[in-house]
Every structure is written in C-alpha cells, then in structure tokens.
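One chain is shown next in structure tokens, namely the form predicted alone.
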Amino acid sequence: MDFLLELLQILVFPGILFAIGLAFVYEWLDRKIYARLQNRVGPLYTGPSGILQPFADFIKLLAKEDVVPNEVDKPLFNALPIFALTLSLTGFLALPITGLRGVISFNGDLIFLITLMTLICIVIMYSGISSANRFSTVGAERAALQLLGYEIPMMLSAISIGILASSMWVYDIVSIQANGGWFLIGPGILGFAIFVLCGQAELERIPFDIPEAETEIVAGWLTEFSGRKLALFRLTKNVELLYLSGLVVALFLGGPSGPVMPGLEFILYPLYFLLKTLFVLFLLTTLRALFARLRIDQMVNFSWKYLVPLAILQVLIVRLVV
C-alpha cells in the first residue's frame, strides 16, 4: 500500500502530471501578465481567456515534422531533450508542496537542487554543440558564459540560507521558517534579490535571453530542434520556471507553510504553495517586461562586478547573524 501511495505521489500529485499541468498554466499566466504590462492581450481564443493555448502549442509541436540534420551527433541530439525534461521534473519532486518536505527529501538536498539547475544548463550547452550549426554553437557558448556569470552568486545566496538555518536540508529550512518567520523578512532579503535575478538568467528570460537571441543568432542553441524535441525543450523551460519559483518559495518564503486548521493541511499547504509561487512568477514576469536584452559581456560584467560581491556580503551578514 505504501508503495502504491508513493507511486501515486510521483506520477500524479504532487508529481509529474501535476507539474506538467501546472507548468502550462504558469506559462499562460506569464504570457498574460507580460502582455498586460506591454498593453497587449496575450493568449485569447484557445480555451477560456486562452488558457489552453500553451497546451495547444505543445500538441502542435508534437504533430510537426521532427527533422534531424545529417551532420548532428544523433544519439546526443535525440537524447538531450528527454534528459533536460527529466532533470527539471526531478527537481520539482524535491520541492515541499503538500507538506514541509517533498516527495524526494534527504539531508543536503539543497545542494542537489542547485546542481540540477546547473546540469540543465550543461544540457543546453551540449544541445547547441551537438547540433553542428554555427548559430547553435554561438548560442551554446553564450549559455556557458552566462552560466559562469550567474552560477556563483546563485549558489552563494542559496548557501547563505543554509547557513542561516544551520542545515542544507530543505525540510529544515522550511520548518524553521514555519516556526520563526520567513527568511525574506530579515537577513535573507539581499539573497532573495540575487537569487531571483540569477533565476531569470537560469531560465534565459529577458534581459538574460542572450543564448536564444532570435534577432542575432536565429534561435541560438535551439535552432536545429523541431517537432517533438522542440516541444520537450519548451516544456522543460515551463517546468523549470515552476521549479525555480518553488525553490525561491522554499528558501525565502517559508515553503507551503502558513496558517492551517488541523485536518486541512492537505488543502492549505498546496494552496499556499500556489499563491507564493504566483508572487515569484509575477516578479520574474515584471523583470522580463521592464528591461531590454543585455549583451553577453554586459551580463558577465554585471554578475562579477556586482552580484558576486553582493552575494559574498550576504554570506558574511548571515554568518554574523548566526
């Protein structure tokens, strides 16, 4: 019976099917908010207020011809979209949604969650390199340079929360906030700002969409992907958006914790998780609407000259507090 319950949690709720369904909804919200901030309409016709548009786009891509160029590294080219989606879904399973711990939970899982995001970026780099396309190669190189820019401040800001909680276990971090207040309200506020900015770069969203700059390098590392592979990569980005929003909530906003009535935790915890991740999504979408694309040298300079020193300062502040 326990095995069936665990399988249900992994496959249905709060597992894979829930993550994919919610990722489509969050893409729709992202597009609607982005459009509203730019005085546009956004998705409109497919479903009520266009809510089914992301799912329709996914189905359309699955039905399109899947072209594999002759010169690509075919085993790598075919496997990388599946591997990228697997990584993002694995990270989502480690987020606390229905309780103070995720389906996957172990001591030190914070390092595991940050590492998964790095692996997704490495998959993107290999996707561009394996495509044997000059634009894809440039996009892969830009993704690698961008990783060198944001990875260190992102890791430092996450580690500062681990120091504040005296644990690298997400369960401990969420539990401490549930009993003593969010880390956002206090010494973790600088780390929150750094993590959100680095998360925007991880997701390759404006102003950090340099690896996919369509006005410069067609579609960057995605240029040669089509059909099912492109659909899986787009789904990966949607799930990663949800995953990163949930990680911000777990580290800085107390996870799914909040005022609960005994016996209603299974309803209120997911509700709090959704509300808090929507707040993070709104921040990410607002950043996307406010700024124009940076050049890769501007992004790396900004990271090393400002984000890295600020992240080190965040660690020192937290260390003094502890």
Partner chain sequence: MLKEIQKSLFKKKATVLYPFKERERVHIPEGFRGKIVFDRDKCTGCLLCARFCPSGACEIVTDEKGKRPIFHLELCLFCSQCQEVCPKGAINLTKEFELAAFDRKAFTIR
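Since we're looking at a predicted model, the values are computed, not measured. Positions refer to the first chain, counted from 1.
The same protein has a further form, the form predicted together with the partner chain, not shown here; the description that follows concerns it.
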Considering only heavy atoms, tell me if residue 44 and the partner chain come within 4.5 Å of each other in the predicted complex. yes
Answer for residue 267 alone: is it within 4.5 Å of the partner chain in the predicted complex, judged on heavy atom distances? no
Indicate whether the partner chain has at least one heavy atom within 4.5 Å of a heavy atom of residue 275 in the predicted complex. no
Using a 4.5 Å heavy atom cut-off, state whether residue 271 contacts the partner chain in the predicted complex. no
